[in-house]
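Take a look at this one chain, the form predicted on its own, written out in structure tokens.
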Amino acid sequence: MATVTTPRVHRLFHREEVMGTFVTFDGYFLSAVPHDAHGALEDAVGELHRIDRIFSTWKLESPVSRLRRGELGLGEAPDEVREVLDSCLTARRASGGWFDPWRLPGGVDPTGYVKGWAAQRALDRFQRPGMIGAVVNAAGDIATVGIPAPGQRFRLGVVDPADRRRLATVVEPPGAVATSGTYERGAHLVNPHTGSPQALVASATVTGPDLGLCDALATGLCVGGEDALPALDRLAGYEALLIPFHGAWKWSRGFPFAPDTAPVRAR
């Protein structure tokens, strides 16, 4: 009888404090971690800090802070600012208007898109030949590529908003997964139609190919609740799960629950 052996997987891990939170990197290799992978990691980390210097609303002299105060015109801002705002227009349409950086207190604030977008860019810079899979986790907004080991898929937990020590469910995302809620940061989400704090569900999780859009859509869904779901249904490749404060979960039919973790009923 032949003996089946599982190849050993080598892991490159890094944790970086940036954008007011912690971002972790995981890279997986079938052979020893190559030297250029460390260079790619440095490049990815540097990209996050560069983006933070441009978009942080906490840094008074960042281009976005100056734009919000009217000290800088959009044509004078770095190219990335225009790129992000163009993408925010897409996210606003895709969310049915529940994600709208232009209708937030203090001026335009693309923060709800930028963290996921930045993590996705960092993942692109982190990848190197020989890497079978990689994950960038920006405070629970997660971008993945490849696999963690032969015959396996990435499985990511969704925190139970009623008890952060537990998982509500597990997903096998097709690339990215973002979750929005008030259970960690309090009432920081704003209804763009009223300007007041609002979260109609305890958490909203969105999966899809691009983490920036997942991040924005999760924000919009958490604010708009079930009323925001129909707009998402028209967006190919993106799925959502809503966990309410009370009552039954709601999710799109293609939501990628890991096997044996899906609830009994779908909406």
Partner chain sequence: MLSVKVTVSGSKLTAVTIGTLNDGGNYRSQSIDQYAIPILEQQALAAQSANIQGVSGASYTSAGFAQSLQGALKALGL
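Residue numbers count along the first chain shown, from 1. Everything numeric in this text was worked out from a predicted model, so none of it was measured.
Another form exists, predicted together with its partner chain; not displayed. Remarks below refer to it.
For the chain shown alone, residue 156 is a contact residue for its partner chain in the predicted bound form, at least one non-hydrogen atom being within 4.5 angstroms. None of the heavy atoms of residue 107 is located within 4.5 Å of its partner chain in the predicted bound form. Its partner chain in the predicted bound form is approached by residue 178, whose closest heavy atom lies within 4.5 angstroms of it.
A residue is said to contact a partner when one of its heavy atoms sits within 4.5 Å of a partner heavy atom; residue 148 meets this definition for its partner chain in the predicted bound form. Here the chain stands by itself, but in the predicted bound form one stretch of 158-166, 122-130, 99-107, 85-93, 158-166, has heavy atoms within 4.5 Å of its partner chain. Contact annotation for 23-37: residues with any non-hydrogen atom within 4.5 angstroms of its partner chain in the predicted bound form are 24, 28, listed in sequence order.
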